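Okay, here we've got a single chain as structure tokens, the form predicted alone, with questions on binding and movement later.
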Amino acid sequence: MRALTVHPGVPGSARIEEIAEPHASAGSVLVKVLAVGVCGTDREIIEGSYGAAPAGEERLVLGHESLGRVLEAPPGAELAAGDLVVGIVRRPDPVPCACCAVGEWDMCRNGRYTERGIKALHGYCAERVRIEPEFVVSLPPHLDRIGVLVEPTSVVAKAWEQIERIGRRAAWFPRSVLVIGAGPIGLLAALLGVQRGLSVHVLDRVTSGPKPQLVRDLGATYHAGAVNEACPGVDIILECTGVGQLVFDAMRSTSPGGIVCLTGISSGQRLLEANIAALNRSLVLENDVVFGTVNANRRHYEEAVGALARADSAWLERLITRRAPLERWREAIDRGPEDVKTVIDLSPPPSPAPLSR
């Protein structure tokens, strides 16, 4: 069967190749992969700056944002052939750490976790994969076109869960949220904010293309200026770009008792001059909180499925700005200026039958 693989650490090594069918030891649920989403992590792996192959192997099957259909499931499982599913990315470490020992492997403390398509486990960009039942999440049938968005939505579902946990430290009645970045994570974070009944503001640098209208059609407000001008004194900020200056500006722009959640990852290549003493004074005197979050647990995937099921499917479909078949995978990796989310289709719809004469 075909799969998209890469030699981690070797730029330009990604290719489609024939690989063996997945072994039963990899999981008792056999899944036909329908689509795989592409994100910045995939691009970093292809560029050779990230990723690790399974032990004893040189190449890694890419793909961690999956959508598939069950071909085989073990007796007694809450799954059946034909079910629409996504596979969870992370697996607990073998030690285990305190968090992995109680099933909170998204909060692993020793770094020995593994991740499908990223770190030491083959990913989902293959025609068929096997998954352990406990790492498979079912989707309702009507998400068959946009179910590939479950994994990125799970990341922001976790972010919102933590924001709300932190908010409960005191009497907290948030009214507004600023999302910095109108990429897939930012737009999905905004969606979950709208679903919570908040006044949602989204900041990005572009003034044309699909992003401003996507924000407006969500019922949110779009901004293209400075952070402190977009929504001064906002209660919550989700920073989804990782741009150092924007991270710093976010930490200075909340109301007293505000919460800043960082989901973007900075490159670390740009040095910023900042008045840390003044920032420290503000954070302390106003009881502000700044925290980072990454990855997701099973419950966050389930929350993501619920959020997508409640959302406007037509709006969600517009997030996927380009789909490419597996044999043209480079088209999905090479992101265009107006792309929001690109997807590799491993099982495109059949061509229409020719008209009979």
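As the structure is a computational prediction, the values presented were derived from the model and not from experiment. All residue numbers refer to positions in the sequence shown, first residue = 1.
The form predicted in complex with beta-D-glucopyranose (BGC) is left out here; the points below concern that form.
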Worksheet item: Hey, of 320 to 328, 27 to 35, 294 to 302, 52 to 60, which bit sits against beta-D-glucopyranose (BGC) in the model of the complex at 4.5 Å between non-hydrogen atoms?
Response: 294 to 302
Item to complete: May I ask you to check whether Cys125 falls inside a 4.5 Å heavy atom distance of beta-D-glucopyranose (BGC) in the model of the complex?
Response: no
Worksheet item: Is Asp83 close enough to touch beta-D-glucopyranose (BGC) in the model of the complex, meaning at least one heavy atom pair within 4.5 Å?
Response: no
Discussion item. Residue-level question: is Arg90 within 4.5 Å of beta-D-glucopyranose (BGC) in the model of the complex, judged on heavy atoms?
Written reply: yes
Practice prompt. Classify Glu151 as contacting or not contacting beta-D-glucopyranose (BGC) in the model of the complex by the rule of any non-hydrogen atom within 4.5 angstroms, answering yes or no.
Written response: yes
Worksheet entry | Among the candidates Val289, Cys39, Val70, Ala311, the residue which, in the model of the complex, approaches beta-D-glucopyranose (BGC) to within 4.5 Å (heavy atoms) | Cys39
Worksheet item: Of the residues Val227, Ala159, Val234, Ile118, which one places a heavy atom within 4.5 Å of beta-D-glucopyranose (BGC) in the model of the complex?
Response: Ile118
Worksheet item: Mind listing which residues of 217 to 254 have a heavy atom within 4.5 Å of beta-D-glucopyranose (BGC) in the model of the complex?
Response: none
